[in-house]
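We begin with a single chain expressed as structure tokens, specifically the form predicted on its own.
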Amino acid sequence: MAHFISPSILSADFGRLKEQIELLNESKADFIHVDVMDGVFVPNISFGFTIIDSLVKYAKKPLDIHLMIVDPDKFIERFASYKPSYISVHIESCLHLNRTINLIKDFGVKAGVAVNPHTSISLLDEIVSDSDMILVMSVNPGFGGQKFIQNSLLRIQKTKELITSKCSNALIEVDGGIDNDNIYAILEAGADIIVAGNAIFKNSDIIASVNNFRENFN
């Protein structure tokens, strides 16, 4: 099965946003991961529509939007207007998750369900068949540059087993603390899409950094 890389723009230098997006355009990145934080669901605020409006002017890669916000239904239509490949919402923030997933799909966007490190994978049992992607958080959401939680490998395996048991076509995305030292184990556990932030943007050569990640997929 093919694997994909989705660099997280959260770790970019926003003073050089246009330049760094153009570097991603030239790289072998598959998506651009966009972390939207509201300061309520997670203890941090990232950016809103104004920044994303600027981002989409230059991005040639499809967006992979990760909503770490309360009551995401209010904003789904606006985020869908960017024509992303995926919009992911958190199982912990959605009162009626099936309704939210269907709302995303109504706008022609693939729907993902994100799950925090403390949340049991078993809670995905009733939604995995309706999902296009399961986003397994391998750090506590809210900040870039955190250390990978080792137990996430078992959680990825459990997610893969659940997807298989339900005959679902959902892909597994993993986000948090991923670098060239742990990527092999993460892929072996069952990940399909890798989100990387600091490991890419803290490198002086962003294109080479993305492409080096891609080499791990072979």
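In case it trips you up, residue 1 is the first one in the sequence shown, and so on. Keep in mind that what you see is a predicted model, and the values were worked out from it rather than measured.
There is another form of this protein, the form predicted in complex with D-xylitol-5-phosphate, and it is not shown here; the text below is about that form.
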Q. Which listed residue (29, 37, 156, 171) meets the criterion of a heavy atom within 4.5 Å of D-xylitol-5-phosphate in the predicted bound form?
A. 37
(Q) If the criterion is a non-hydrogen atom within 4.5 angstroms, does every one of 68, 144 and 177 touch D-xylitol-5-phosphate in the predicted bound form? (A) yes
Q. Heavy atoms within 4.5 Å of D-xylitol-5-phosphate in the predicted bound form: which stretch among 91-99, 144-152, 75-83, 117-125?
A. 144-152
Q) Does D-xylitol-5-phosphate come within 4.5 Å of any heavy atom of residue 113 in the predicted bound form? A) no
(Q) Is residue 196 near D-xylitol-5-phosphate? Define near as a heavy atom within 4.5 Å, in the predicted bound form. (A) yes
Q. For residue 11, is any heavy atom within 4.5 Å of D-xylitol-5-phosphate in the predicted bound form, or not?
A. yes
Q) Does residue 137 reach D-xylitol-5-phosphate in the predicted bound form if we count a contact as any heavy atom within 4.5 Å? A) yes
